[in-house]
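Shown here is one chain on its own, the form predicted alone, set out as structure tokens.
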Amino acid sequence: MSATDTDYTIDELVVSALAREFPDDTVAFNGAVSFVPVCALLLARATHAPNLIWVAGSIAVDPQPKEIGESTLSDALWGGATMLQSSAADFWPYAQAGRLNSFCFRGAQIDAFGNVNNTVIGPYEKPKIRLPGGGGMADLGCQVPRIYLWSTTHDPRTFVSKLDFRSGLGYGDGGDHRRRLGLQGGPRVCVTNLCVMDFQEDSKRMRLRSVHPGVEVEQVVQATGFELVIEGDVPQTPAPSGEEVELIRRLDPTGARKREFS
């Protein structure tokens, strides 16, 4: 059956909204539990960004997977790749040299300046919860110029006024902090299950760019633990087209992306 412009689910809306942010010169790689970004990269490559390069799990360059498996670090994603690197460690020189220009972060906590916590909830020495850890967030947040944030849980527990631990750097303390540290780029956008946010040019605070269909601005404000920048009338996030929905379902036939919404 063909999808219509109104036949979509929230996971498909989030994937399409994130996919539209990747330009044609994107050279991206993905981390663990990154079903939404992997789907978005595949969708972007199949639509407006045919020259996008994707390195699956830091190993397989430009693979053509038949489906997304149980893990986004699995070799199930490597089929049809142009090249396989010998180990996951091989990607670091490319990241440090800026040849890999894009990465997507998600965290248990995200603050107003796009900094991310995926290490602990509570004091580091005696945490309430010890999380999976930052992995390469601390390094990649400084080395990769284009950072894309996503979250399928837009609530005050996720979007907080102060992180319990800074695992990955966004715009640091805001303003020109990142530039003063000698770092290029920074977070470009944050796509959630409620809205799309970007960053105000001078303050580097999160700015509400659009709200998803059926979502009110006040709903996003109440679900955010810090003050959002809101400038004028906030438009609605464009819904995925029928073509985009059909592509998402073909590129991810098992619905791996839905795991992040459970």
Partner chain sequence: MTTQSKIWPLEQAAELVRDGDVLAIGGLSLNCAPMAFCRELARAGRRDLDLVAVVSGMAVDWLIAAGCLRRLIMGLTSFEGFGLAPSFRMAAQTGSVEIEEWSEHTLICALQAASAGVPFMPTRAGLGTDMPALHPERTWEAVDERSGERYLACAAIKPDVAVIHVHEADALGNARMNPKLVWFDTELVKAARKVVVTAERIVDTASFRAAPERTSIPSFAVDHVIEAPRGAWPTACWPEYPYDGDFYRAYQRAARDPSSFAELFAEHVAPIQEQTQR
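Residue numbers count along the first chain shown, from 1. Since the structure is predicted, the reported quantities are computational estimates derived from the model, not experimental observations.
What follows is about the form predicted in complex with its partner chain, which we do not show.
Participant: Does at least one non-hydrogen atom of Asp62 fall within 4.5 angstroms of its partner chain in the model of the complex?
Facilitator: Yes.
Participant: Report yes if any heavy atom of Arg166 sits within 4.5 Å of a heavy atom of its partner chain in the model of the complex; otherwise report no.
Facilitator: Heavy-atom contact with its partner chain at 4.5 Å: present for Arg166.
Participant: Indicate whether Pro50 is a 4.5 Å heavy atom neighbour of its partner chain in the model of the complex.
Facilitator: Although its partner chain is absent here, Pro50 would touch it in the model of the complex, with heavy atoms inside 4.5 Å.
Participant: Using 4.5 Å between non-hydrogen atoms, is Ser71 touching its partner chain in the model of the complex?
Facilitator: Yes.
Participant: Would you kindly say which of Ala81, Val160, Val189, Ala108 lies with a heavy atom within 4.5 Å of its partner chain in the model of the complex?
Facilitator: Contact check passes for Ala81.
Participant: Under a 4.5 angstroms heavy atom criterion, identify the one residue in Gly122, Pro156, Gly135, Gly175 near its partner chain in the model of the complex.
Facilitator: Only one listed residue qualifies here, and that residue is Gly135.
Participant: Do all of Asn193, Thr254 and Phe261 end up near its partner chain in the model of the complex, with near meaning a heavy atom within 4.5 Å?
Facilitator: Zero of three within 4.5 Å in the model of the complex.
Participant: Sort through 62-70, 198-206, 233-241, 214-222 and report the only stretch with a non-hydrogen atom within 4.5 Å of its partner chain in the model of the complex.
Facilitator: Looking at the other structure, the answer is 62-70.
Participant: Which residues within 92-117 place at least one heavy atom within 4.5 Å of its partner chain in the model of the complex?
Facilitator: If the 4.5 Å heavy-atom criterion is applied to its partner chain in the model of the complex, 92-117 yields Trp92, Pro93, Tyr94, Gln96, Ala97, Arg99, Leu100.
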